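Encoded as structure tokens, the following chain is the form predicted on its own, with no partner shown.
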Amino acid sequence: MGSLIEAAALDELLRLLKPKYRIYAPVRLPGKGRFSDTDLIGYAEINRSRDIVFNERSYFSPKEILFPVNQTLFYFTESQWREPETDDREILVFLRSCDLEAVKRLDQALLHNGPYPDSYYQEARAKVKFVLMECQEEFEGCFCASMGTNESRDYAFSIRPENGAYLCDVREDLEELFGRLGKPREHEPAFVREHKNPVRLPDNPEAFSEHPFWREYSERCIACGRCNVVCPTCSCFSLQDIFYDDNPKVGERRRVWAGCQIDGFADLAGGHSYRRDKGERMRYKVLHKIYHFKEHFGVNLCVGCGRCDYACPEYISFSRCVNKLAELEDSTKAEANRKLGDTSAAVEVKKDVK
């Protein structure tokens, strides 16, 4: 059902949904940017439509709503433990197509990647519904169309600002509210179809695992982990037991985001490490995002949101790295074909001599 809803009516809709839902959307956080006196676009609970930022990409993804940065799993004493209380309300999240597709990748990693699902993520995931924020044109550095994540239909309703009002495509159980607060209007969501700088995936990037190409990142990467933190599909974490100062036998167990680019992530007992070199970490991340995950689940882990390129203080571009791999593959194939042609020509010459 298509609907045109005025800003005041959308505010009323949000007010009516509040008792049942916690409603999250990208908002402007004044003074929270990377540089002095700059703002940051991040996710927070909203009450009004004017709080929603439609024309900028959020620095952080909505992943933290379902999979918090720092989450207490349980509290413990010497003889007992209990899980923290949770909010029983459902969750409504405004997000873009690439982020909605990213949630599906998190589902694979946290719900279907082993015999048991992640119960904490599963509990939050069962409560959530999505509002698709339409992208009529690309943001700088994004490449969702190249990754096949530019279009998603698994939403409660879509929304597009239109001359002070909002065009919506309502797909779930909110038709009655939209019918009461909005006006019928045929509407089909818009999706980004092409990019100024498309990304081309290599057929077999693992063939270049030992290529000197990765040494560049050994010199440039500073292991800050920003790319892991802003990525909507990274799901690695570490566990921490926190003991309280007033009673060291009482505390809580938390899980905290971790990432493959961060120092210590791949360390083992005895001081050993799988990937101490930063170029090796970059190789691991890139191959996992565009090759290994797809081998297991049939889709690439990267959704092309472009956040990692934007967040990197050393201007390392994930998308450019992938394109370089495709270029290496092209040159390797061209060289192989040239040698095959030279061999064929030599065989022909030998036949003529005989």
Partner chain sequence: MSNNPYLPFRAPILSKTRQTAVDWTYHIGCSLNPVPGQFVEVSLPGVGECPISISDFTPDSVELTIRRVGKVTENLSRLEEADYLYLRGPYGQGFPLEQFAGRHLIIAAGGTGLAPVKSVIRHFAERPETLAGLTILAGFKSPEDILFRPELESWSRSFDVQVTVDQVCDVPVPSPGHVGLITALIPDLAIPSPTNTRAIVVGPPAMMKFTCAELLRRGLKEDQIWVSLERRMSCGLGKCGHCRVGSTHVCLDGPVFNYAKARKLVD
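Please read all numbers here as calculations on a predicted model, not as lab measurements. Residue numbers count along the first chain shown, from 1.
Only in words, not in the display: the form predicted together with its partner chain, which the text now covers.
With respect to its partner chain in the model of the complex, the three residues D11, F54 and R160 uniformly fall beyond 4.5 angstroms at the level of their nearest heavy atom. With the partner removed from view, the residue among E83, E219, D173, D87 that has a non-hydrogen atom within 4.5 Å of its partner chain in the model of the complex turns out to be E83. Here is the short version: of D169, E134, D118, E138, the single residue with a heavy atom within 4.5 Å of its partner chain in the model of the complex is D118. Annotated contact segment (heavy atom within 4.5 Å of its partner chain in the model of the complex): 108-116, selected among 108-116, 150-158, 225-233, 184-192. In the model of the complex, at least one heavy atom of G264 sits within 4.5 Å of its partner chain. Its partner chain in the model of the complex is not approached by K278, whose heavy atoms all lie more than 4.5 angstroms from it. Using a 4.5 Å cutoff between non-hydrogen atoms, D241 counts as a contact of its partner chain in the model of the complex. In the model of the complex, no heavy atom of R28 sits within 4.5 Å of its partner chain. Contacts between stretch 168-189 and its partner chain, counted in the model of the complex as any heavy atom lying within 4.5 Å, involve no residue at all.
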